[in-house]
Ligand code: ATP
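Next comes just one chain, in structure tokens: the form predicted on its own.
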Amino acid sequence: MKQTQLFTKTRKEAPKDEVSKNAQLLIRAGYVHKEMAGVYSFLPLGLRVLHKIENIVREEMNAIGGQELAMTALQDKALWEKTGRWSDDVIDVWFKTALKNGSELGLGVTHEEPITAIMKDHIKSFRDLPVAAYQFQNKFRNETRAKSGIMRGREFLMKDMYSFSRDEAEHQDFYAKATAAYLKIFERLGIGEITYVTFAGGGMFSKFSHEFQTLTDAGEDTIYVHEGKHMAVNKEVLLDEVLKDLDIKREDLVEKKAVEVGNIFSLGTRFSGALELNYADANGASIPVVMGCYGIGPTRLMGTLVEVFADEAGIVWPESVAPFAVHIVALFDKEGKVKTVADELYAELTGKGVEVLYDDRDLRAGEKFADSDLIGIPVRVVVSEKNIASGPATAFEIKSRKTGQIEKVSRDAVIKLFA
């Protein structure tokens, strides 16, 4: 992509009503456009990042046997009434609307009911189990507060997976695999060391549910971290009985601010029982299916990465999700030598399949460097008259966005680094 062809522009200032760092920087750098409080459109650069996060999640879900599908966001009132969750007293963030015929629909907040209804057509026998199905879909939640940028939106992308097992033992086996898969996702995103499996209350479904909490001052949650075991508990389960179960001591816990980037729950037969999702065992007896759910928000993850890694100059993307691998910044001369060299480097790298953003705009060096820092691509390659004149061995300047380290290298070294 050449920046002269990229329709988005950077901004010096973010909207005055934005208080979160992630929204301020993502808007200024041209990754997202704010439509209204808690609602954002993803622009070309932002969509590239979001898709890469999504693909990492997809790969890890597929690796544990997940099957991807796409469910509708429009929700049938009658289905949710069967589980007692249509009422605003039970789920207080519904967006609901009426059809022209007067019937009422909801916009999906979560999908336990629809996926259970789907599986009634496909799970009949013990031979049909276990099953795990997931989707990526925009969810809609009528949040009272929407002040955390894309980390807490009224419309946001969610990966929600649901597992279906013959019994509790089979469910727990998959639950452990899902936990490991989530930890691998966070490792690939560069936040593995600061993301903790956090024990939370399981409500009516089980003794515990598990959250995945990433340490950041921008977090809305308070967790209590055990560094030695790389685990944590949240406030609601900071009880002596729970600590004893987990074999940890209160004095070994450190209070931290964090943001929830994922969660997993054992559902038991809460939904299969209400919606009559049963299977026939080997003796022909009808048994309710044991379920679990597993959520992770790519948009929230994107905002979290900005909060965690950004510096005073702008965004710093991990290599795994950066919109481009390299940012070529050309400082043009009057004779056109720089343009020729930069064009050739761009053509060679893209020809080898390297993702390149090429700043071919006619702007001053300071403006280009400031934009490059703000956009946050991991590596910047500067092509300038001065560097070219220094000789073939040091004709290109490479700068790491993360460390700020600068190195003068040859053209071959640039190609070898990326291709």
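Note that the structure is predicted; figures quoted are calculated from it, not measured. In case it trips you up, residue 1 is the first one in the sequence shown, and so on.
Just so you know, the form predicted in complex with this ligand exists too; it's not on screen, but the next bit is about it.
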For the interface check, one of 222 to 230, 298 to 306, 270 to 278, 127 to 135 should have non-hydrogen atoms within 4.5 Å of this ligand in the model of the complex; which one?
298 to 306
In the model of the complex, the residue from Ile328, Ile315, Met151, Val289 that sits within 4.5 Å of this ligand by heavy atoms:
Met151
Which of these residues, Asn263, Thr179, Thr83, Gln172, gets a heavy atom within 4.5 Å of this ligand in the model of the complex?
Asn263
At 4.5 Å between heavy atoms, is His111 in contact with this ligand in the model of the complex?
no
Looking in the model of the complex, any heavy atom of Met158 within 4.5 Å of this ligand?
yes
Is Glu143 part of the interface with this ligand in the model of the complex - any heavy atom within 4.5 Å?
yes
